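Single chain ahead, written as structure tokens, the form predicted on its own.
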């Protein structure tokens, strides 16, 4: 049943109480707690925040989910808009309470040991390890546990939502808990630039340099955001060199390898590759399944196994979308009541599933598999039973079932009009062989990375 509440302002009270559970503590404390109800415009509701920065960030990351919550609670609401209302100056400043004030003196104590920017959900204990991320996990854990500097810098890179920030936060939490006397700074590249610009503006560069060049561990997330910022890169270059000379640990993350970072000076890219550069690969089905199972165990609603397997098969882009999908079906269950079902999941995620389906077609999968095994695409639809052709054909069927939402019968039609039972047998056979044939298992992992990219 829909929630029976007299007006939308009261309904917002109910919805806003769910934001922390749906989007997490970090998102709520950092941004979502500033949302206020402003106006009921029928099919459109208007919320407000105190600054344009908060508005833009919420719109880019959370507005779709917030709109879904409204729609699930009241079908009349089709659009949610966010405006800036600077009527609450205290709230506006509260978002930056842990950052150095623009006119105040910067000090190492301001950031060192400060855990306010760290998400408590992101630690080594709940990081799900699989083949795509096992090296990155091992390197991060080694750096966090070591009393000496083994790799400098440790450079983690990979696509959006694959676990870079999770590992960065895990290292910071481990250092905070196990080595509280170490001077550790964790921040994003954007925050580093912000501190740098403030220091220039208020002529406190001596304080800035004292703060960043006298730490034991400097961790900078999303270093690619320094692209094109020449003066910031110049300052970071000297900070980097100073810490390396003192044998202090530097840990960086980016969405690309050092050599592929555009807008970053060559001397910077060269130094980023001095230590250990680790790629976090796109997720496999097994890793996505493990991640979903781990997250489902911590929720206060039961997620059926068939729903978990469905999500692991259909949402192949990144972990962030997986988590978002899980939160969405959980919120739907909380708001309209009733258990989570596969049918309800399909309905709640139809737009997301459609977007993922557009990424791959059966033709594309057949082409990639044929190219990998060095056979002709026409062999996928032929009646040839030679092992060199039959096995790749079975792998292609397996991939089609994992990466598209097509039925067994629909997949069979794409492979020369084969029966649905043939596709089912192929998927079962490939699943069995993955556990006994290391070479085929490696082939499948390679193809999954290619198709997930």
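Everything quoted here is computed from the prediction, not taken from an experiment. Positions refer to the first chain, counted from 1.
Missing here is the form predicted in complex with adenosine-5'-diphosphate; even so, the following discussion is about that form.
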| query | finding |
| --- | --- |
| Full three-residue contact with adenosine-5'-diphosphate in the predicted complex, heavy atom 4.5 Å, for 128, 133 and 165 | yes |
| Segment that reaches adenosine-5'-diphosphate in the predicted complex - one of 191-199, 75-83, 318-326, 267-275, heavy atoms within 4.5 Å | 318-326 |
| adenosine-5'-diphosphate contact in the predicted complex: residue 187, any heavy atom under 4.5 Å | no |
| Contact label in the predicted complex: residue 295 to adenosine-5'-diphosphate, heavy atom within 4.5 Å | yes |
| adenosine-5'-diphosphate contact at residue 160 in the predicted complex, heavy atom, 4.5 Å | yes |
| In the predicted complex, residue 173 touching adenosine-5'-diphosphate (heavy atom, 4.5 Å) | no |
| Heavy atom within 4.5 Å of adenosine-5'-diphosphate in the predicted complex - the one residue of 122, 225, 310, 208 that qualifies | 122 |
| Answer option from 335, 362, 149, 291, heavy atom within 4.5 Å of adenosine-5'-diphosphate in the predicted complex | 291 |
| Neighbours of adenosine-5'-diphosphate in the predicted complex among 197-216 [non-hydrogen atom within 4.5 angstroms] | none |
